[in-house]
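So here's one chain in two forms, each on its own in structure tokens, numbered structure 1 and structure 2.
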Structure 1
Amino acid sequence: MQELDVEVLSISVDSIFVHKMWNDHELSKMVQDGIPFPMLADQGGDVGRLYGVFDEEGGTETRGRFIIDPDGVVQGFEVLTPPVGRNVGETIRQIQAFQLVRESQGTEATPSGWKPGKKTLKPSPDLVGNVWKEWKVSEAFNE
């Protein structure tokens, strides 16, 4: 994320003191020098409610992930129930795609299966009905 110039904010209903304990006692053993981004404490779940990820019954927050652009606009999100972890690689791919589209000022779009190095599409009236010439279904699945 640092390479992509993306700022990460993690949020749970735990207090900042528990965040410190988790960082100091466990996470710092997984990540050298500990967690490099702010770990936010949403005790009471107000921000979780605002983002639709607060579980009123469990009193915790589900695995919600929001990509926000430099204008403060939500570009994408994904919310999972707790037992299933995220695919960080897919998050990175989406950020790379959103950054490319933004840098092209909307002149390029990334088709299904796009990843860095693969062909983008240039939306225009001429492309309508002609995507089949530019993009093959197999590209959605190609590694």
Structure 2
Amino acid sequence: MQELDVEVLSISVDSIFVHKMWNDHELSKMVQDGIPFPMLADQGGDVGRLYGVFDEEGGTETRGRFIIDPDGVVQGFEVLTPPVGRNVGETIRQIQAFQLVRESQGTEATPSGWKPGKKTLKPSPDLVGNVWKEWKVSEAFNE
């Protein structure tokens, strides 16, 4: 995801051999040229434990997505059970929102459903109780 200046890593308890089989027999048929980021093996579950997604009883990891800023601070995360797929478009939107807020040093905030190029909010005491004047909920859900 070079255009966003981010690094993406996939980490699971599966071995590198399982990752290779999955990539060769599944992903390569769904994603042209396979996935464009490394798949790392966490066979002992150490990384999963660190992020609270390792299931000790099952020896597996729940699917989690963590957005970590350049300072190493987790800015956002989502954990889903395996039967529920993730939305890559929403992940990209959130990364763009976190980047905008970081670049503005907190002088801009992105409301629910914000997309690049759309209006942002300017946090201030005057905004409290007046967000509705700046942004209409129906606009975010109808785009």
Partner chain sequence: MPEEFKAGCQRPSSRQTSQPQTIEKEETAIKEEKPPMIKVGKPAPDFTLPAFIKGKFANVSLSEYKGKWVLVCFYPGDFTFV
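Counting starts at 1 and follows the sequence of structure 1. For clarity, a rigid core is taken as the largest C-alpha set superposing within 1.5 Å between two forms. All of these numbers come straight from a predicted model, not from anything done at the bench.
- Working note: structure 1 is the copy from the form predicted together with its partner chain; the remaining copy is not.
- Relative to the superposed rigid core, the position of the CA of residue 16 differs between structure 1 and structure 2 by 2 Å or more.
- Superposed on the core, the two forms differ at residue 37: its CA moves 2 Å or more between structure 1 and structure 2.
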